[in-house]
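Given as structure tokens, the chain that follows is alone and in the form predicted on its own.
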Amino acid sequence: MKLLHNITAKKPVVREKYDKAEVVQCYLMIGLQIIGLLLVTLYPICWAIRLAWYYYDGVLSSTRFVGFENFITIFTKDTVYWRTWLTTIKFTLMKLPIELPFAMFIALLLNAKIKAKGFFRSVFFLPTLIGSAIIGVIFFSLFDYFGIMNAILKSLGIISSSIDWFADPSKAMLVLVLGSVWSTFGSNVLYFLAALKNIPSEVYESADLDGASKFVVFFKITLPMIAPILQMILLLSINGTLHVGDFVLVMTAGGPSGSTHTVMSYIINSFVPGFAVEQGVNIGYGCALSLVTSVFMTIIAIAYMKISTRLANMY
């Protein structure tokens, strides 16, 4: 009986002792990242949230607490802000149906047995390494009234005279979409390639033995098996597209007549010191706009994850 009691008795929990020198070394290794997170991310966020309740134009003597006034103005008077949301959604709906299928098509080609895969992967990923502001300058030069694109179209006989791409809202939006697709689709190509590499080759071999066509293989095997990764790619693409701002400012500056301003480009162009056209703007109101925008984007991300749960369980 005593032996049974000894066997069934709980053993004392032995806590693993950590070497203090190793703990200090680990914290030193991530110290710069922690400092960067606190100073570059968390502090500016807290600073902006605090100023959202103030009138602040950069002059301390004129700073005053206004409570909900900034937020009331956003929801009752600032029609431009809500119009930029419509432009942002339009931009997103135009860009993603072009970018994602194109990125998947390129990934399928690179996943096949072709020569110089590494070279082509580098070529398609290269635009991602270029700053969005530089890409904006490149595409502005390409589609300028005296730019290369008009010269090519005239030489091919497609147009008889140069097109002012940035004078018409629809044409300016088209150029923005093309430039944005070119700058970001390389990342999605790599994501799709990584997802395709995780599909066992035996699955394709079995489908080939069964005589399945490439169309059936793609929709019945490839797409369902990469669905969880596709869910995250869509989330990242939606989030990245909604945050487009500096690219728009460099290429169109929101023109013509503010018709191509996205939410972020409007906030930057109107309320960020150094970018704002007017002097002495209410930076506190800009902080309130940023806070409201962050809440809306969070809601969009949560709603998307709720709606897209079926993708994660597709296979």
Partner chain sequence: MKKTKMKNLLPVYISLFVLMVIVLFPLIYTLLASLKSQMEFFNSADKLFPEKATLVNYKSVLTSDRIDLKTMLFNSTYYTICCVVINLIASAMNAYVFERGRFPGKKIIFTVFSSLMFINMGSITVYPLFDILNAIHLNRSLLGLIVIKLLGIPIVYIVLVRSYVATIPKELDEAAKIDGCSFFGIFWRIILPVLKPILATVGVLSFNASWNEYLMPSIFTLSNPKQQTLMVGIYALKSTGESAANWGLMLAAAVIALIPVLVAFIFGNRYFIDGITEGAVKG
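Basically, rigid core = biggest C-alpha set you can superpose within 1.5 Å across the two forms. Everything numeric in this text was worked out from a predicted model, so none of it was measured. Positions refer to the first chain, counted from 1.
Unshown form predicted in complex with its partner chain; subsequent notes refer to it.
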### Task
Name the stretch: of 119-127, 199-207, 75-83, 220-228, exactly one has residues whose heavy atoms fall within 4.5 Å of its partner chain in the model of the complex.
119-127
### Query
Can we say 96, 100 and 157 each have a non-hydrogen atom within 4.5 Å of its partner chain in the model of the complex?
no
#### Entry: Contact label in the model of the complex: residue 47 to its partner chain, heavy atom within 4.5 Å
yes
### Task
May I ask you to check whether residue 291 falls inside a 4.5 Å heavy atom distance of its partner chain in the model of the complex?
yes
### Message
So in the model of the complex, is its partner chain close enough to residue 132 to count as touching (4.5 Å, heavy atoms)?
### Response
yes
#### Entry: Proximity of residue 213 to its partner chain in the model of the complex, heavy atoms at 4.5 Å
no
## Note on the structure
Within 21-44, the residues having any heavy atom within 4.5 Å of its partner chain in the model of the complex are 22, 23, 25, 26, 27, 29, 30, 32, 33, 34, 35, 36, 37, 39, 40, 41, 42, 43, 44
### Message
Once the core is superposed between this form and the one not shown, does residue 206 show a C-alpha displacement of at least 2 Å?
### Response
no
### Task
Align on the rigid core first; then say whether the Cα of residue 220 has moved by at least 2 Å between this form and the one not shown.
no
### Query
Hey, does residue 271 budge by 2 Å or more at the Cα between this form and the one not shown once the core is superposed?
no
